[in-house]
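We begin with a single chain expressed as structure tokens, specifically the form predicted alone.
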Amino acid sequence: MTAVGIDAIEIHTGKLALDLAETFAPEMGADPAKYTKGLGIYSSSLPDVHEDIVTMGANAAHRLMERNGLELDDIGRIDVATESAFDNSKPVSTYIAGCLEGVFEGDLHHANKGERKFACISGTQSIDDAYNWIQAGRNRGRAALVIATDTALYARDDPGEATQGAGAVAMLIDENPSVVELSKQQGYGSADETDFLKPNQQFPSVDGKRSVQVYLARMREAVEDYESIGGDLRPEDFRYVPFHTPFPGMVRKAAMLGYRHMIRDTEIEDALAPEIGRQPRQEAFDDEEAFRDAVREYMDALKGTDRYLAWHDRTIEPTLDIARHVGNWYTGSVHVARASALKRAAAEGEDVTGDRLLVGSYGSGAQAEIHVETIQNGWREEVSAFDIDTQLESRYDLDFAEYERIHDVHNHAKEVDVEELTTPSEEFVFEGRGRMNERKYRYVD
């Protein structure tokens, strides 16, 4: 079978920054640690007046293509994953294709274009679609461009407001990839749930506690489903475990759940038994609540062990570096986590070629997917080309009054006229609406 996976990655963040500890917390009357330690987020990226999901996605795709020497004829498919679409008919991919046709020679008239929707997991689903398209031999030697782009805003004073973020991840899916090869095996956990939804409304309705429970339940199902075809998963098998990261605090829960599952009936559980005992087994309990209490007690003890902390610091913590400074990007979240881990490896001079990633994607509503990726020998060159640090450092720092105005700009229910806070340069920008209320874009040199 042909090796297929991610051949190139590019990240584009919103150009504005909201500092949660210094700017947001005082206005909320909250302890800054609620955000920096509880949620695990220091700042959020937000879009300027001239930015939206099209400009961010097009800017990421443009840079990916330029630095990899690609032409439009090299692209046979463009799939956009987003929860922030503004049209129920015309896909965002057509807008992004139009932007790219404005700066490259030729056209994308013969590229298949679409838009995927299943909350945050749709970015991974779009990669799956591209993988299948190539493996079926329908690509005619061309690659697929997958773009996950979102403006993750919540209503003012919503509990999710502190997790906001905006940005895009563009990925080139191709044969003989340079970054990671995707596994054939996948595991799924899926159920009809109402934990997070946007029923013809801009801002989501969220049941926060329920959402965490559903996230963990679907992840557990996906792990078990993967193991039914891919064999048992063990902590030492994976260099990094990128999870969907709505906020780093939730990943702490998912990582603990995954680790407990992977060490069950292993020498690791045996080695930890003198310190914290063995994992509770449900068959030893007549009462479900007593069993759950015992599991919680075991996990509280497990997370304080040196062995777990060392695994978490090595395997999970590097995936959170970028998320702590940009917030939640919905469909791009897990792909930011992957990029973050590889970026850390490059910065620390590690050779992770041939190592494996266990990737855990999730979308509310609800579905999780587990699959494995093997790091290829071109990963270092690719991630070394990221300019995400420069982007983060050059963001405009919002004061709270500016944040309120920018939030109104991106609230579709409001008509506001606000001056942009940054000066566009070498990027696509939103420039207004056309005769059919369509959004129009141009490239600024």
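Numbers for residues come from their place in the sequence shown, where the first is 1. Remember, predicted model here, so these are calculated numbers, not experimental data.
Same protein, other form: the form predicted together with a small molecule, not shown, and the subject of what follows.
**Q** Counting any heavy atom within 4.5 Å as contact, can you tell me which stretch out of 281 to 289, 173 to 181, 153 to 161, 368 to 376 lines the small molecule in the predicted complex?
**A** This holds for exactly one stretch, 153 to 161.
**Q** Would A33 sit within 4.5 Å of the small molecule in the predicted complex, counting heavy atoms only?
**A** Yes - in the predicted complex, heavy atoms of A33 and the small molecule come within 4.5 Å of each other.
**Q** State yes or no: in the predicted complex, is some non-hydrogen atom of I78 no more than 4.5 angstroms from a non-hydrogen atom of the small molecule?
**A** Residue-level check for I78: no, no contact with the small molecule.
**Q** Does the 4.5 Å heavy atom contact test between F196 and the small molecule in the predicted complex come out positive?
**A** Result yes; F196 sits at the interface with the small molecule in the predicted complex.
**Q** May I ask you to state whether R140 is within 4.5 Å of the small molecule in the predicted complex, using heavy atom distances?
**A** Residue-level check for R140: no, no contact with the small molecule.
**Q** Check each of K117, R252, R324, H261 and return the one that places a heavy atom within 4.5 angstroms of the small molecule in the predicted complex.
**A** Answer to the contact question: R252.
**Q** Which residue among W133, F238, W311, F247 has a heavy atom within 4.5 angstroms of the small molecule in the predicted complex?
**A** So the residue touching the small molecule in the predicted complex, by this definition, is F247.
**Q** Do heavy atoms from each of E51, G69 and F428 fall within 4.5 Å of the small molecule in the predicted complex?
**A** No.
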